[in-house]
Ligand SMILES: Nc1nc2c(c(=O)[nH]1)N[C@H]1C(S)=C(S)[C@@H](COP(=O)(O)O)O[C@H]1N2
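A single chain comes next, written as structure tokens; it is the form predicted on its own.
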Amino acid sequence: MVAALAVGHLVAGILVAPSASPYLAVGNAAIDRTPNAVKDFAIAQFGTSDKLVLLLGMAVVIALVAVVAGLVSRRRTLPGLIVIVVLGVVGILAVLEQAGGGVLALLAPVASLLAGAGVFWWLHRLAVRRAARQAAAVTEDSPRQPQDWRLRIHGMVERELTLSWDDLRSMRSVERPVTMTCVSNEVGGPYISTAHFTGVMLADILDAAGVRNGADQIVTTSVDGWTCGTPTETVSDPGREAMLAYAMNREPLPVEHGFPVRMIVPGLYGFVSATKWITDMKLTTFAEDRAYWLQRDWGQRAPIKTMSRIDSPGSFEQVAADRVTLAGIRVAQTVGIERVEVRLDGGQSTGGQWTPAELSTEVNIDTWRMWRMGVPGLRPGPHTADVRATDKSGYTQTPERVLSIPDGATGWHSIRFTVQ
């Protein structure tokens, strides 16, 4: 954006006239369209500097637009090019209005547009090549990098340990699919996923270190200094199969998912269980140490709440009358799902009754299950659907809506769709 404005201003000043500068032309066009009351206010506040204030304000807005355009263009050039072309056309129209017609007047805004597009394209190619080189370097070095990894286990233990990568890989491994959920996930939200993890049982590591009585918390630390507090009893439970994972979907952990080693504790929200790039593990107490999010008044133990979600149809989607099938996921980790029920249009046509949905095969109690329900004979027009789940302990999701912070959202997920 800086290149575009600079070239347009320079060409206007040297070859045409200052009024042909796209930047100044847009500013003047904005002033012409400003209501008199606003102009009078600006003059009263800024005096003869009113135009300068306007131009500075334009610069701030353009800079913000440039930042947003850059962020959304990290993978593809199309969004950035669209922004550049749109602003270029605005500049051309403003110059035609302010500097008069003729080909000469268009030199500056056209040069501005071409310079912006060209520099953007060049910078984007440089960034892509740099990213490719970095990815290649990580791939080339990845077999060696884990060799430098160390995990210190200390605090309220009988034997302080320091595990190396070779130590970890020599231990008994486990492999299982696990669903992970972020506490920031709102009702029906997207921050939930399932992957196949391979790693070492945390219970085995704690047995090797020997946990002292009273150590009710495990504080783990990431390579960047972030801390996470996890209940010791949860991690020590062999049935929970909490692990230090080093593979995901039978491949080495991606860097963004914690390479080389991360923690996985089924049944707890990520902020108390899912330390990535783990380097330190301290056995302590909740009274003695407060991890990062606990210091900010988030939950202390944070078990994942029973939840269900409608994925199809999407909100406000239009569907054919003969193809209405509701489908989604549900989760009740460490307990398992007993049933999922759906209610259409607030139960107006069924006396408030809920209809059981068909459940997919349960992989294990720590992964989500799919559900679906065909709905024939719906009249054309708008409809609503609500979903709720009941876990194997007999608990049914509450309809009460609670925000996700400090320890997880609650409430029924609802959507609105239209039958054609």
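Residue positions are given as counts along the sequence shown, with the first one as 1. None of the values given here were measured: they were computed from a predicted structure.
Not pictured, yet referred to below: the form predicted together with the ligand.
- Note that among 162 to 170, 177 to 185, 149 to 157, 204 to 212, the stretch whose heavy atoms approach the ligand to within 4.5 Å in the model of the complex is 177 to 185.
- None of 240, 196, 339, 257 but one reaches within 4.5 angstroms of the ligand in the model of the complex through a heavy atom, and that residue is 257.
- Residue in contact with the ligand in the model of the complex (any heavy atom within 4.5 Å), chosen from 334, 232, 222, 285: 222.
- The candidate spot formed by 226, 262 and 275 lies fully in contact with the ligand in the model of the complex, as each residue has a heavy atom within 4.5 Å of it.
- The shortest heavy atom separation between residue 313 and the ligand in the model of the complex exceeds 4.5 Å.
- The closest non-hydrogen atom of residue 80 lies beyond 4.5 Å of the ligand in the model of the complex.
- Not displayed here, the ligand is approached by residue 271 to within 4.5 Å at the level of heavy atoms in the model of the complex.
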